[in-house]
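Below, in structure tokens: the form predicted on its own, a single chain.
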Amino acid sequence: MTYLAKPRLHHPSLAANELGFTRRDYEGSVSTLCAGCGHDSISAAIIQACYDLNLPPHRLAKLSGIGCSSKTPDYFLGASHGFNTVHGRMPSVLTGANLANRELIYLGVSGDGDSASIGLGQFAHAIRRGVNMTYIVENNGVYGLTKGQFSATSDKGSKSKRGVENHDSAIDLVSLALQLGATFVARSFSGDKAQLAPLIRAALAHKGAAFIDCVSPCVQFNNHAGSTKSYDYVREHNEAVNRLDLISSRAPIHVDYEPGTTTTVTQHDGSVLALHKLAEHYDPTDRIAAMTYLAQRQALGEVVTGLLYVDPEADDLHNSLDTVTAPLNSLGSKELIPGSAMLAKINADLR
């Protein structure tokens, strides 16, 4: 297998941020995802957010699980720390890394299959514990890496590539994150970089569990008019004696609309996605109101986007555990092995 490497040379006129880095310095390797995949647009928004924040790449640790979405950390911040875990286990590995070194900025990238199915328990506990992280789910409502099975966020009544109808109710990760106690909750659309990049910037700067659910259409496997995450409806009645795959190049879909309004986005196959952007007077500090608002808009068939909830006074897991300010991985034997006298004192306190 051959991979294309991006040239190291930069055009001398590229703008630099306060650290002297250009946007190219925050990129990774060449994407191997399908042309027009929404995930690549999310990678571009992450690159833009880190560039705008003047974030030193070596200060960020990016972690992922398994799936198309979990491949994307290879496509941004090539000079940062990175770890690709097994399916659904990214949150626990991120939690351990965060406890060991609290000085890094943690970015977890996952998908609806990775987080809402096999990793649902991992997702729940990382959120409820308040791990200081930005957790992005690139949500396309389908298992794209394994050829188009329903995911747990697939909409009830939607059809698979073979025309099978989904009879299960969808898991709404945004509502779940609110119920679990996330202190920063947002939803966006991969085609709305003007909204997504600032949300990522805010999430990276937030102390505590920050969650962003990003609707990211799959160009190949989730294509039907009944889905809120659709692009193409592929070969429902294909009875050919052999099957050839040709994923045609598609231009990414972009939207720009005012806060408090609803817009419809026509997908490549003619299906329509309704997006509602939060109004400027919306109060994002009321968790219960946010949950109610989500339910009301969902009943209207709308996908609410924007910052849904934030707790500006949030704490994180280190505050809950009362850990020392120094990173745990920097402690030596003197701090970690205090001696028999201290052990006796601890045992006496437990009696």
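For clarity, every value in this text was computed on a predicted model and none was experimentally measured. Note that residue numbering follows the sequence shown and begins at 1.
Another form exists, predicted together with a small molecule; not displayed. Remarks below refer to it.
Consider Ser188 of the chain shown here, and say whether it contacts the small molecule in the predicted bound form, taking contact as heavy atoms within 4.5 Å.
No, no contact at 4.5 Å.
Would you please decide whether Leu63 lies within 4.5 angstroms of the small molecule in the predicted bound form, comparing each non-hydrogen atom pair?
Leu63: no contact with the small molecule in the predicted bound form.
Is the gap between Lys156 and the small molecule in the predicted bound form 4.5 Å or less for some heavy atom pair?
Lys156: no contact with the small molecule in the predicted bound form.
Does any part of Tyr143 reach within 4.5 Å of the small molecule in the predicted bound form? Heavy atoms only, please.
Although the small molecule is absent here, Tyr143 would touch it in the predicted bound form, with heavy atoms inside 4.5 Å.
Could you spot which one of Ala197, Ala170, Val93, Ile118 gets a heavy atom to within 4.5 Å of the small molecule in the predicted bound form?
Result of the distance check: Ile118.
Pick the stretch from 98 to 106, 122 to 130, 200 to 208, 68 to 76 whose residues have a heavy atom within 4.5 Å of the small molecule in the predicted bound form.
Correct option: 68 to 76.
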